[in-house]
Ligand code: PLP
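Take a look at this one chain, the form predicted on its own, written out in structure tokens.
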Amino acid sequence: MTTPYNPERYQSMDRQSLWHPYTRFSALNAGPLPVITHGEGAFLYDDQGRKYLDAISSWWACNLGHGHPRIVEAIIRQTRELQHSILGNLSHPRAIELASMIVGLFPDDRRVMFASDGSCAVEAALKIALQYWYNMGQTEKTKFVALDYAYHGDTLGAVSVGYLEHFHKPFKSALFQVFQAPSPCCGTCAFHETEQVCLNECFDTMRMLLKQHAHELAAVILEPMCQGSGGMRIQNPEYLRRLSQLCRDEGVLLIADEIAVGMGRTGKMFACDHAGITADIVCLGKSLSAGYLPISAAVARTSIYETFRDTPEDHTFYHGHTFAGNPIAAAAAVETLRVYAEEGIVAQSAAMGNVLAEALKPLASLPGVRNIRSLGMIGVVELDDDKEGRGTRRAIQVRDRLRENGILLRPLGPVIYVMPPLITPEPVLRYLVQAVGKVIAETALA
């Protein structure tokens, strides 16, 4: 017999047993957290019946919103057939279908290495790059170049190439050395350039690093077009084009971390599409299964894959995870890709991205707003900040007031951003931006 749900009991159990990721003790001490019990479309509902607009797509994953009937049905269907089977020396239909569908999204031949979450896909990509050069007999190519402000996940390899001081300082001693290039951000250009006169001065250090160190570099890794957790730093596509060509010229692999920015988030299927380039290894995750189940992938060129043969010398890729390509997660992802194709999700994202960009413009005149910027269904309002962190504290006030008004956000320091589901209706999207602007104005007055 099912025990009746008791909100107070669950709040007590939560405080006594659950360790919440990226959550400060002070937030737990401030009062009970909302307990989300179900979702529908762009909205989540808690156990008190309160309705919240999921303005960050549950950590940038639920691009198709919540409770999409086709994804839910695909999951139910698969649970009746096969719950789990490994991919080591075995296969199963959903993994085969999904890999084939992913390969079909690229202009060249690829192979798909499944993982279970974004960090694991990045770890796989880094190891593929290292072993590729080992397989090729160029064992000195063992270093990586990454951007500052990068974030690639929370496992140690991913942290090494995506170190953020305020997240990762306690782990610094365990990380490997990485060459770091300045992060481009067109919204707050370090060189005070505008789009009309930009000469990509931000690229000069990257060019110098590759020219000087190509002999020891395995790969460059970056989040194409928009760095997420580092502050929603949006790039010029010309930066990507130049980087892609430079990597080819210098014999260095390019890894594109599309975990957050892929799957239509930027108004293109992949963020690299804005620059018309394809990286040697592409990492996918988050919305690959519409955010419903954990699954990710490192998608490598076949020319890389073919160096992992086991004759005449064993170059097998001895890497994998128990739940890599899990049948139920793969079924969700297969149906997700079908929905994308049949319902024109990427085109819808591009159209709504234009609405978002237009709706954000008036917020630029609000007191204390340093910059607004957008890319597809990513909208950013960056507040003025100082050494005392006034902008960061103000962003927290904005977050708290919006939550009281039924909107869920998670600012990054002084950066307030929205990344709602791609299926968010236009009136809801406009309401979201207006609500953000209203609260920013109110905090300025306060």
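Heads up: residue numbers just count along the shown sequence, starting at 1. These figures come from a predicted structure and were not determined experimentally.
One more form of this protein should be noted, the form predicted together with ligand PLP, which is absent from this view; the next part is about it.
Chemist: Although the partner isn't part of this model, could you tell me whether D273 comes within 4.5 Å of ligand PLP in the predicted complex, counting any heavy atom of the residue?
Modeler: Taking the distances in the predicted complex, the answer for D273 is no, it never comes within 4.5 Å of ligand PLP.
Chemist: My question is simply whether Y151 lines the interface with ligand PLP in the predicted complex - judged by any non-hydrogen atom within 4.5 Å.
Modeler: The answer is yes: Y151 has a heavy atom within 4.5 Å of ligand PLP.
Chemist: Does ligand PLP get within 4.5 angstroms of any non-hydrogen atom of S183 in the predicted complex?
Modeler: No, S183 is distant from the partner.
Chemist: Within 4.5 Å, heavy atoms only: does Y52 come near ligand PLP in the predicted complex?
Modeler: Y52: no contact with ligand PLP in the predicted complex.
Chemist: Of S160, Q78, S119, N236, which one comes within 4.5 Å of ligand PLP in the predicted complex, counting heavy atoms only?
Modeler: Looking at the other structure, the residue within range turns out to be S119.
Chemist: For the interface check, one of 330-338, 350-358, 256-264, 204-212 should have non-hydrogen atoms within 4.5 Å of ligand PLP in the predicted complex; which one?
Modeler: Comparing against ligand PLP in the predicted complex, the contact stretch is 256-264.
Chemist: Residue by residue through 273-297, tell me which have a non-hydrogen atom within 4.5 angstroms of ligand PLP in the predicted complex.
Modeler: Only K286 sits within 4.5 Å of the partner.
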